[in-house]
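Below, in structure tokens: the form predicted alone, a single chain.
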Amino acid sequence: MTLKGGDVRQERIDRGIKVRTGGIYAVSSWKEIGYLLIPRLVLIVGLLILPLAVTNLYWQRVISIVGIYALLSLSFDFLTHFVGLVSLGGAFYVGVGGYMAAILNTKLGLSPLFTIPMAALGGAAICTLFLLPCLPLRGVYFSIVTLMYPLITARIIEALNILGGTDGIVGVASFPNRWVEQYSLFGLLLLILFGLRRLVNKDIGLVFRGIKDNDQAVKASGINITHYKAAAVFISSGMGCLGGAYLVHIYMWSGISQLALDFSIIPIASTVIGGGGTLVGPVLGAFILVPISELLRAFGTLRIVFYSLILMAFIIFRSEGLMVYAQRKYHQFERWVKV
């Protein structure tokens, strides 16, 4: 095509960026740098503005819960799509992290500044220890076993009347204010998200993918796959325990409801909507799905019907997820360049 400035042609914006090694991009202009940074800045700025934009007290609490579900969705996506272990134990992670944070706060008098990281790390160690015998299992067998853990734990607490029984542990300290609550949660969410993206692109990420694709071949090469699976479960459960610790300090109470299957099912639905294997997709899915679930409460039990229809529509018409579709469209942007 010939214009006033001479011959020009259309070229995809990402052509000059595709030359890369690992995480090192070859960029030649500020436009290409902007092309890479804009999606990341939209996510970061969006999360930072969200607490300021929401003024309703009810929805302020909802966005905090959304952040917790985003952590659980990220945990599920990492373990499922990068390691090949489909875990339905999100509720178990939340329960362990929640109870541990509540005990540390009410019995030892520690502030949330200490209980949250201690519950995340200690809870991850406990969850990994319980799941260690299950690591040789794959597919539906691993999923079923992980689903049993929150159910069994809830019944044990109820039957033996331990950890407060059905009344739970009350008197848990709250955050100083909602700004500390939300910005610390969203800050950790961003840190974990970008940290995981970096992790899966390093050598250990290649091993995780190898275990997912063919664990016997990885084992035959002399790598102890149990150690890597345990490390992946520790990372994944740590995110869930972190969410559980935040939850008890938000509600100032810890109980059996933290072992509810919602914490196992909604992260899966968020991953379906957002796009599995993208890490950021499940986070986006949680920020879409949880508010929709709250809006549908006005319909009573009918909300399950609408909820199911939304999920079915995504599975049928956008099975790849929103993020995969958005990434493909974004990379197809074109510009005019001189020949």
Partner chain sequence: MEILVYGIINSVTLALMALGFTLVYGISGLPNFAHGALYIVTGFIAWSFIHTLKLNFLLAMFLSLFVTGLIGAAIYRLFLIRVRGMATSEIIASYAIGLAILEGLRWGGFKGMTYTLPVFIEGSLQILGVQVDLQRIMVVVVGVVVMGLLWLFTHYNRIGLALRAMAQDERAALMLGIDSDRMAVAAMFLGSFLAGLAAVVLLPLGNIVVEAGYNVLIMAIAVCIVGGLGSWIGAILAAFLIGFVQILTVVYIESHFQIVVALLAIIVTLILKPSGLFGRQKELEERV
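Residue numbers count along the first chain shown, from 1. Keep in mind the model is a prediction, meaning the values are calculated, not measured. Note that the rigid core is defined as the largest set of C-alphas that superpose within 1.5 Å between two forms.
We do not show the form predicted together with its partner chain, though everything after this point is about it.
Pick from 230-238, 243-251, 156-164, 186-194: which stretch has non-hydrogen atoms within 4.5 Å of its partner chain in the predicted complex? Looking at the partner contacts, the answer comes out as 156-164.
Is Val170 close enough to touch its partner chain in the predicted complex, meaning at least one heavy atom pair within 4.5 Å? So Val170 does not count as contacting its partner chain.
Please run the contact check for Gly109 against its partner chain in the predicted complex: heavy atoms, 4.5 angstroms, yes or no? Because no heavy atom of Gly109 falls inside 4.5 Å of its partner chain in the predicted complex, the answer is no.
For Ser308, is any heavy atom within 4.5 Å of its partner chain in the predicted complex, or not? Judged by the heavy-atom cut-off of 4.5 Å, Ser308 is in contact with its partner chain in the predicted complex.
For Leu137, is any heavy atom within 4.5 Å of its partner chain in the predicted complex, or not? Looking in the predicted complex, residue contacts with its partner chain include Leu137, since a heavy atom lies within 4.5 Å.
Find the only residue in Met118, Ile103, Ala125, Leu151 having a heavy atom within 4.5 Å of its partner chain in the predicted complex. Answer to the contact question: Leu151.
Please pick, from Leu295, Val42, Leu36, Met312, the one residue with any non-hydrogen atom lying within 4.5 angstroms of its partner chain in the predicted complex. Contact check passes for Met312.
Heavy atoms within 4.5 Å of its partner chain in the predicted complex is the criterion; list the residues of 124-147 that meet it. Sequence-ordered list: Pro133, Pro136, Leu137, Arg138, Val140, Tyr141, Ser143, Ile144, Val145, Leu147.
Exceeds or equals 2 Å, Cα of Ala53 between this form and the one not shown, core fit: No, Ala53 moves less than 2 Å.
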